[in-house]
Each structure stands twice: as structure tokens, then as C-alpha cells.
Ligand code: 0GY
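To begin, one chain is listed below as C-alpha cells, in the form predicted alone.
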């Protein structure tokens, strides 16, 4: 599928793609699974292009360019109708690439931003009008310098009146120290990729049970059941070791789960997933048409297109 073919961020200058990262799949397969009408890819990114939307000086990686036009082409090819575009760390708190994509989406995209504590109310309102519906807090230490919790809490309190939510990205080993803080946040929370569980451990073991307890204790916490390619040890194309974890979340919390491709898959070193095969993962974890519709249509529309 040539319309999705990757290009390096730049052939020279400060935006040359890191050589140890892989560009996104140049020719994804057509999925066998057909998403239901109205389906949403609820976790994806846009990168650059770097000469228009520069990457942040403090970034921990430089990706290949992955502009909105390539995202729209992938969306249509995979059979989805809408996107939720999540600000990635390589752009820092400069949300211009996401906002530009939202404004050119004909209402078919919503976004999640990264903001700094000095953002003004007028700037928050501008993001809201563009289609931003949440703010992402990243706790993965290899990707960001973690912001102090009191600063994050102040941001959460400011976005609460807008009806936004918080997206949180962390790794399972860090959940015990973050559990109480997450429980204290005033807004709905969306957890990226099931909190990155260690899928070599038992699905009913204490580590994953703590994650499930967080969702049970807080009825306004959601989870994305995405990125088997990041979690799996058994590998592509089926990512079989991730299925029990994702299926348990989908079946336990059917009204609070989301799914996304994670295109263009930043920071992948060992293999680059075929997005068509990722779509074919969906019926392995949402095993009935009713669960598939909740996961792909009803839940993301309720969270991101409620107004």
C-alpha cells in the first residue's frame, strides 16, 4: 500500500530519524476482520513533518515523519471511520501537529494533548475548540522526565471543568507507587496499553490484579487494550501471550475499554507490526459482535464525541 509508505523525518539537520528505530510498516495487509460501522482507532499519532512541525529539543527520540495524510489513508484502508490522535513525547508540549490534523479531519478526529502548567485558560479553550478532549501524563522514565505530581494535579483540576479526561502512560512495575495518586485525580482516567503488564507473569497474579483493582475501585477509569506488539514475548503475528490479559479487561469492563493501532509505532526496535494483523487481533480479545461494538464504536464515541 504505497500511500502509507514511510519517509525519514529529514535526510539532514536536527530532525534525522534515529537509526535504531524502525519506520512504520510500508505495506500493511488488508485485515480479515471488518470493523463495525463507525469504528474508531482510539490511539494513534501524527509526527511532523519535521520541517513544518519541529520535534521538541528535549525529545528522547526522533521518529520518521508520519503526517496526517498518511494516517487518513491508513484509517480508510483498515476500515475505520474516526481517529483519536494522542500527542507523543517527541513533540513535547507543542501540540500544533495534532491540532492541525484535528482541524483538517472534517470532525472525524479528536485529540489528547500534552500541556505545561503555565498554559493559559485561553489556550486551553483554543485546544478544546480544535477537538482536544484530554491531557496525557507520561510516567515512563525512559521517555520523559517525570513532572512533579503536584503540578500534574493542578493541571487536572484546571481541565476538569472542560469535561476533559487524563490519559496516563506507565509501566506495571511502577503502579504500586502511583496507585494512590491515580486514585486522587478528579477527572476520568484512560490508561494506555493496560498499564504495560509483564505478560510472562500469570494473568491472575498479583501484579495484574493490582491493575484490575484500580479499575474496579474507580468506575471512571478506562483502559486501552492496545499495543500487543509492545507487550508480547511470543511475537507476531498473533501475539498470543497478550490475549488472556486483554480479553480479561474487555470482558470485565466492557463499557470502559478502547482500542487503537498506535500508528506509526514509535520506538519499535525489534519488529514493526503489520497494522492489518493488529486489526485481526481484535476478535481474539473482543469475542462477540456486542463486545466489538462497545470497544470500537460506543465507548470511544461516548468519551470523545459526547459534544
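As the structure is a computational prediction, the values presented were derived from the model and not from experiment. Residue numbers count along the first chain shown, from 1.
Beyond the structure shown, there is the form predicted in complex with the ligand, which is absent from this document and is the topic of what follows.
(message) Taking a heavy atom within 4.5 Å as contact, would all three of 223, 256 and 305 count as contacting the ligand in the model of the complex?
(response) Checking in the model of the complex: none of 223, 256 and 305 is within 4.5 Å of the ligand.
(request) Can you check 273 to 281, 26 to 34, 39 to 47, 246 to 254 and let me know which stretch has heavy atoms within 4.5 Å of the ligand in the model of the complex? (result) Every other range fails; the passing one is 39 to 47.
(message) So, residue 187 and the ligand: in the model of the complex, are they within 4.5 Å at any heavy atom pair?
(response) Answer no; every heavy atom of residue 187 is more than 4.5 Å from the ligand in the model of the complex.
(message) If we define contact as a non-hydrogen atom of the residue within 4.5 angstroms of the partner, is residue 216 a contact of the ligand in the model of the complex?
(response) Result no; residue 216 lies far from the ligand in the model of the complex.
(request) Tell me, yes or no, whether residue 142 is in contact with the ligand in the model of the complex, where a contact means a heavy atom of each within 4.5 Å. (result) Residue-level check for residue 142: yes, a contact with the ligand.
(request) Report whether the minimum heavy atom distance between residue 87 and the ligand in the model of the complex is within 4.5 Å. (result) Output for residue 87 is yes: heavy atoms within 4.5 Å of the ligand.
(message) Only one of 230, 201, 149, 103 gets a heavy atom within 4.5 Å of the ligand in the model of the complex. Which one?
(response) Partner contact (heavy atom, 4.5 Å) among the options: 230.
(request) Scan 165 to 179 and note down the residues that get a heavy atom within 4.5 Å of the ligand in the model of the complex; none is a fine answer too. (result) Just 169.
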